[in-house]
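There is one chain below, alone, in structure tokens, taken in the form predicted alone.
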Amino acid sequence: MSQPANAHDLPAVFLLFQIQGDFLSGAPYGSGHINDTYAVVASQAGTPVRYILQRVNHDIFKNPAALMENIARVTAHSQSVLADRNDPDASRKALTTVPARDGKPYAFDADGNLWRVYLFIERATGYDIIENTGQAVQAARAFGSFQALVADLPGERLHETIPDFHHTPKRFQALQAAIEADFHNRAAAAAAEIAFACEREGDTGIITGLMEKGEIPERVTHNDTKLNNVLIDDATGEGVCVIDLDTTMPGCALYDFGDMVRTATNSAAEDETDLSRVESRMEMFEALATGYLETASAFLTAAEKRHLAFSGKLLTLECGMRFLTDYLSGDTYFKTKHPEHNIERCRNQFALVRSIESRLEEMQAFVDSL
């Protein structure tokens, strides 16, 4: 759970890291719900300099040290690639971790909390809601750039911080188990939604099947490609930097693009109950595809490009199945506002699947035209 600003001794945590200067102030920052995030100000030779200080939520991330190993490798490699390009804005285009006093990318406080520090990226803002197609283009360009930066990450395979996070066949198996158990006697009320998911079981294994055959490669992926995980330059409106790397791990490029389609093209809120308002907006899809392929086209395989439109359908179906599984299981994973919240979210996502299905050929034709 997030803590109030005075729940942590920020000056003491500040001293655990190799930050040049003296602690001036610290205050909660951003709209995240998982980790505790603060903007702290240091005085460096009389000049105030900001940093991002975060407590990693180890109730959600069971192995935060492994998570931080992933982040340290990804950010260091990204900065190295940008430096090799002589990019004058490298420190704004990829996150930079500040090491702890012992050289590790994290430190533990007196209460056993794991903390990390990033350089604060100035003159850029994160937005919770996509306001126009221009932002969609920039967000997709930024995620494509992120994947390109880490496409040749050397060394061992990254840790799987959340195993099988987007393994859709296993998500379907979890749904089947919840249907069979029906511990809360909700299956009857969700009969239509259960039937919808079961009719599309064959879709769930398409991408994993291609990966198992070696036709689609495993890549380093972000796995949480919402707009608010891209910082937009305040002056130019360009996507500057991808943030929130906690779920960065081995995956499939299509999962990242598919989740962009799921979150950005929906014409309604995720829990909108008037399903007539739920539609996958073609103009937003075109913006995402345009931006993403500008930066990702060079490394994507032909098989990946052929499944870009399908990935939007698959990730939306997967999310709907997760809401349905949680509803049948008694709402144990997602936060809910009322007993029907998860089934309403499920219906919303399945309505979006229908909309994507109706435009799937048109969407892929647009991708092919690029």
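None of these values were measured; they are calculated from a predicted model. What we label the rigid core is the largest C-alpha set whose atoms superpose within 1.5 Å from one form to the other. One rule holds for the numbers: they count along the sequence shown, beginning at 1.
Quick note: we don't show the form predicted in complex with a small molecule, though the next part is all about it.
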Among Gly30, His33 and Leu95, does every residue place a heavy atom within 4.5 Å of the small molecule in the model of the complex?
yes
Among Ser329, Thr37, Ser43, Thr336, just one has a heavy atom within 4.5 Å of the small molecule in the model of the complex, namely Thr37
Answer key, the small molecule contact in the model of the complex at 4.5 Å (heavy atoms) among Asp256, Glu193, Glu286, Asp246: the residue is Asp246
Any of the heavy atoms of Leu119 lying within 4.5 Å of the small molecule in the model of the complex? yes
Exercise for review: Would you please decide whether Asn229 lies within 4.5 angstroms of the small molecule in the model of the complex, comparing each non-hydrogen atom pair?
Suggested key: yes
Interface membership of Thr325, the small molecule in the model of the complex, 4.5 Å heavy atom rule | no
Ala66 versus the small molecule, in the model of the complex: is there a non-hydrogen atom within 4.5 Å? no
For the small molecule in the model of the complex, the stretch among 296-304, 141-149, 176-184, 221-229 with residues bearing a heavy atom within 4.5 Å is 221-229
Legend entry - Core superposition between this form and the one not shown, C-alpha change of Tyr127 at least 2 Å: yes
Q. Core aligned, does the CA of Val40 move at least 2 Å between this form and the one not shown?
A. yes
(Q) With both forms fitted on the core, check whether the Cα of Leu95 differs by 2 Å or more between this form and the one not shown. (A) yes
Cα of Ser91 vs Phe299, shift of 3 Å or more in the model of the complex, relative to this form: the pair sits farther
